[in-house]
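In structure tokens, the next block holds one chain alone, the form predicted on its own.
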């Protein structure tokens, strides 16, 4: 009798747990779907609007005057890639270094000031950073330039990379660091070869997020690199970029420019998506072996 009651109780308890598990799984799946729907909706809308403006000339030709056909954004695509490269050369090492300092060294007044500065820089509007670089770089050079735009975007990247690196490295168990020190490795080797390189894939995700943020920035570029209707001639010359060219075409009253603006928006989205895929593949164990 007692065993029968216990068996029934265990069966009901198992059934209740199973139903609870399925209900929570369904809720989590629904929440994930709700989070993905806006992304797919935006991508689908941009794709449908951009198809009329996509052709081979868009990737190979320069912008054309009003009334002429076969215009493109080849110089803007190249300018955006150049700006991202310069910004990454500034923002990634600096941001990773700040993140390492905040996560690996004991908290103190200096670390509190650095962390507060990073948080404050994150909240500063990008147009303010553009004005700062305009005063610091553009006015002394007496011209807009690709270099000024890259510096502005690099500064915007620093706090994002720093804070993401700090939070990711804080999750590394302390015994991993202690094991390296117990083997007689210097602290800097433990930080660089065990902590940093061992979690490079997670840090790369934070870097991609920072690149994705600066790739669509328009306001700071209006004060730094400005725009250029021709091919880039040097790092000290004005440069075209997809965000500024999209903005210029989007506010125009011409339908063909509107189509090219949508095409440029699609290329910008695909550029970030492609960089994300390539970075994850290279840093994955399978990609590293190759």
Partner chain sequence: MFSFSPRPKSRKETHLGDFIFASLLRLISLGLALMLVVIAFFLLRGAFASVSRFEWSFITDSTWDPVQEVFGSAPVLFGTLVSSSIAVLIAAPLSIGIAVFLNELAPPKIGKAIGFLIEMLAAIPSVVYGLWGIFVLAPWLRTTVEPFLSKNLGWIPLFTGPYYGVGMLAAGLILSIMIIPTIFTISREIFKTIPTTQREAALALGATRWEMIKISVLKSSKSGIGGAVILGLGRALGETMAVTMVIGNRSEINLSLLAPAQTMASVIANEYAEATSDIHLSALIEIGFLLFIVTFLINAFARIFILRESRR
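Here, rigid core means the biggest group of C-alpha atoms that superpose within 1.5 Å across both forms. These numbers come from a predicted model, not from an experiment. Positions refer to the first chain, counted from 1.
The next section is about a form of this same protein that is not shown, the form predicted in complex with its partner chain.
You can rule out all but one of 51 to 59, 37 to 45, 229 to 237, 64 to 72: in the model of the complex, only 37 to 45 has residues with a heavy atom within 4.5 Å of its partner chain. For the residues 87, 98, 138, 147, the 4.5 Å heavy atom test against its partner chain in the model of the complex is passed only by 98. Contact with its partner chain in the model of the complex, defined as a heavy atom within 4.5 Å, holds for exactly one of 168, 195, 121, 208, namely 121. When its partner chain is considered in the model of the complex, residue 177 lines it closely, a heavy atom lying within 4.5 Å.
Using a 4.5 angstroms threshold between heavy atoms, residue 117 counts as touching its partner chain in the model of the complex.
Although the partner is absent here, residue 131 sits close enough that one of its heavy atoms falls within 4.5 Å of its partner chain in the model of the complex.
Proximity of residue 143 to its partner chain in the model of the complex: non-hydrogen atoms within 4.5 Å are absent; the residue sits far from the partner. Counting a residue when any of its non-hydrogen atoms is within 4.5 Å of its partner chain in the model of the complex, the hits in 244 to 276 run 246, 247, 250, 251, 258, 261, 262, 265, 268, 269, 272, 273, 276. Residue 31: CA moves 2 Å or more between this form and the one not shown after rigid-core fitting.
Once the rigid core is overlaid between this form and the one not shown, residue 41 counts among the residues whose Cα shifts by 2 Å or more.
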